[in-house]
Structure formats: structure tokens, C-alpha cells
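Shown here is one chain on its own, the form predicted on its own, set out as C-alpha cells.
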Amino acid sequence: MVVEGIRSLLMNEKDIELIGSASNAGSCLAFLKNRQPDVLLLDINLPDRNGIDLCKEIRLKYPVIFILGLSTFNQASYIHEMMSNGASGYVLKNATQKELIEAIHLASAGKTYMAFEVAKTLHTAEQQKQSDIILGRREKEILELIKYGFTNNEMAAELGISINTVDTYRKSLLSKFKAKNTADLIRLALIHKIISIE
């Protein structure tokens, strides 16, 4: 039913050609050995295999194929996993014809498509994730001093603690924010509204 629904939505599009369909992972891989589409709509819930894992395999074997995840699940974990495994976008099965066509066009151009509902889900998950960052009193003090450009030596003198202790707190902050460096730490702390620019 889903395949026929997609076929009916795309059959009159002059610049989109539906070259085939597969009902499971095995038949999909067999099809790709002989013919590769520019864009593959991949259901994440397949009868014989996890579509998220299949996405990764296809991207490794056929890097020229752009994959759009297709699902009824509008959950951040599924979306993140699909995108991490190489998908160029995530389309819900209740997508309109316009959304589906836009997703295919963007994917074929090497761009990423994210439906409004999907983007909203990711945004909400990110906000919840941000609220999980809990800092101790000393970590907040260190973060404020980093914001003002204090060095480790200066922070140690200001707070009356050792340089090693300052370094421990700094590493803890980088870890909690999953920051790559000090500049990234400040950027993320601003985004999370843990610090502010006066």
C-alpha cells in the first residue's frame, strides 16, 4: 500500500522516474546489484532487517545513492540514527505530495531534507538534552571566568585553588557539553543559556 501510494504521488512528475521497488532488505540489495537509483526511499521498519543498519550498508557499498529515510516513527532517536548512518533526509509516511517531491529533489542535489514535523521533534529533543546539563557551583565559576578569558593560572589565583583542580573542572565542562575546545564550550554554554553576554 505504501509503495503504491508513493507510485501514485510520483507517476506524473516529469523529472522523477520510479525505477523499481523492493519489499524487504534482501530484495533491495539484489536490485541494487543491477541498477542504482539516484535517490532511494528506505523504510526503517523492514520485515527482514533494520532499515537503519541497511542504510549504512548501502551508503558504504553505493556512495553515489542518496537515501531518504521513510517512516511512521517521528522520534528523535530514529531520526538521529538514520541521519548518522548516511541518510540525506527523513520523510514521514503522512508526507504530502509536495513534501515528498521536495525531499527527492533536495536529496538528488546532495542536500539534506527535513520535514517541519521532524525538525520540530529534533529541536524539542535538543532542548530536553540541554536541560540535562547540570553544573556544580565551582564549574559555573570556572565557566564564567573562561568566558572572560582567564587563563588556568589566573583562575587558580582568583578562586584560591590549584591549577590541577582548575584543569580538572575545565575537562569536566568540555565533557559535559561535548565541546571540542574552549571556543566551542562557550558557544554551547551560550546556546544552552547557562551563561550570557552582558
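Residues carry their position along the shown sequence, with the first being 1. Under this definition, the rigid core comprises the largest set of C-alpha atoms superposing within 1.5 Å between the forms. Everything quoted here is computed from the prediction, not taken from an experiment.
There is also a form predicted together with the DNA; it is not shown, and the following applies to it.
- Remark: D38 does not count among the residues lining the DNA in the predicted bound form, judged by a heavy atom distance of 4.5 Å or less.
- Under a 4.5 angstroms non-hydrogen atom cutoff, the DNA in the predicted bound form has G136 among its neighbouring residues.
- Among residues of the shown chain, R187 is not one whose heavy atoms approach the DNA to within 4.5 Å in the predicted bound form.
- F66 falls outside the set of residues with a heavy atom inside 4.5 Å of the DNA in the predicted bound form.
- Of the candidate stretches 157-165, 54-62, 23-31, 38-46, only 157-165 has residues whose heavy atoms lie within 4.5 Å of the DNA in the predicted bound form.
- Using a 4.5 Å cut-off on any heavy atom, the residues of 146-177 that reach the DNA in the predicted bound form are, in sequence order, F150, T151, N152, N153, I161, S162, N164, T165, D167, T168, Y169, R170, K171, L174.
- Once both forms are fitted on their core, a CA shift of 2 Å or more is seen for D184 between the shown form and the other one.
- With a cut-off of 2 Å and the rigid core superposed, I67 has a Cα displacement that falls short of the cut-off between the shown form and the other one.
- After superposing the rigid core, the C-alpha of I16 moves by less than 2 Å between the shown form and the other one.
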